[in-house]
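Encoded as structure tokens, the following chain is the form predicted on its own, with no partner shown.
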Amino acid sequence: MNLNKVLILLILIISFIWLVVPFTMAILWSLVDPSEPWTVDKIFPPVMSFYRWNYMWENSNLKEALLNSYILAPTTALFCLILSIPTSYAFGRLNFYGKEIAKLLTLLPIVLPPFVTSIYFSSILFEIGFQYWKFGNVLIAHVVLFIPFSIRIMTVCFEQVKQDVIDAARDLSASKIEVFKTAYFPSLKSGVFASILIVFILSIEEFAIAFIIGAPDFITIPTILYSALGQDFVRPNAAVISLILVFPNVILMIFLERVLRSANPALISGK
């Protein structure tokens, strides 16, 4: 057995331990029936049912949290994409003094801990009298926190656009729309998908801002999850919420990976 096969086997083992085991445990815990607890002397739950799923759906704020999360996350992703395009164009296509410093400054929201950003935003919102606009407040904070990811992704995409393709399209009397379609769009398409999906996942999993700024009126899936873990610590209920939070994100990440893999390198290079 050569070194490559050993490394592949090691990666598979680590992936199994890191991914499959936690998912399997979460699924099993979510199926534990309250009639008989799952104790350490049993490998599998003695009685399994969907009682926990029905209970959380009917007797918690899960419906409201799902609605809030799946409105907030795509709205955040779209705002981040739209607002990041001018800055990304400047970073990717223009040369100006201090550009590298400006790139570093745009990453500051990522460096700051989310709780620091949340406390800072909450104090500002109280000062200007916006403390009652919960959805808008959380949305603004999410956009500020996650727009660096969109800027970085779209900057790389703008950098991939070849100037000779743009010049050729202009020499052939192409309109601005045609120049965008032939020179820019092939390079930007995969970045748009990547930006939307990554910001969507980051927004839907974010806890600190939604909890500090939005609570108690604005509830998201992570706030319910952390409440279940911290207040009552009912592990089966927390397992149900964690699976509801994680499974859609896994599907989206698989879709993102396929989108990026299917991107034509010839189109990305602009040729």
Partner chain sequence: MKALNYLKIIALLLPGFGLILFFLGMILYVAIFQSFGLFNLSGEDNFTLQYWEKLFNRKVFYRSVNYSLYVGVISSIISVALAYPIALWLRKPFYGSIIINSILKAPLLVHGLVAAFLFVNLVAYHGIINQIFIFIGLWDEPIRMQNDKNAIGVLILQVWKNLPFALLILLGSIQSIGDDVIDAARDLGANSFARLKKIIAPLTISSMQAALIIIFIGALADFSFQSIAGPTNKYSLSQLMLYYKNNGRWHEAAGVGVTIMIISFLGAIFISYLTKFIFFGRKINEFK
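Numbering follows the first chain given and starts at 1. Rigid core: the largest C-alpha set superposing within 1.5 Å between the two forms. Computed from a predicted model, the values in this text were never measured in an experiment.
The next section is about a form of this same protein that is not shown, the form predicted in complex with its partner chain.
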**Asked** How about residue 158: is it within 4.5 Å of its partner chain in the predicted complex, going by heavy atoms?
**Response** no
**Prompt:** Is residue 83 close enough to its partner chain in the predicted complex to count, meaning some heavy atom within 4.5 Å?
**Reply:** yes
**Asked** Is residue 119 one of the residues lying within 4.5 Å of its partner chain in the predicted complex, judged by heavy atom distances?
**Response** yes
**Prompt:** Does residue 192 reach its partner chain in the predicted complex, with heavy atoms at most 4.5 Å apart?
**Reply:** no
**Request:** Would you give me the residues of 139-171 that have any heavy atom within 4.5 Å of its partner chain in the predicted complex, in order from first to last?
**Result:** 140, 143, 144, 147, 148, 151
**Request:** Align on the rigid core first; then say whether the Cα of residue 251 has moved by at least 2 Å between the shown form and the other one.
**Result:** no
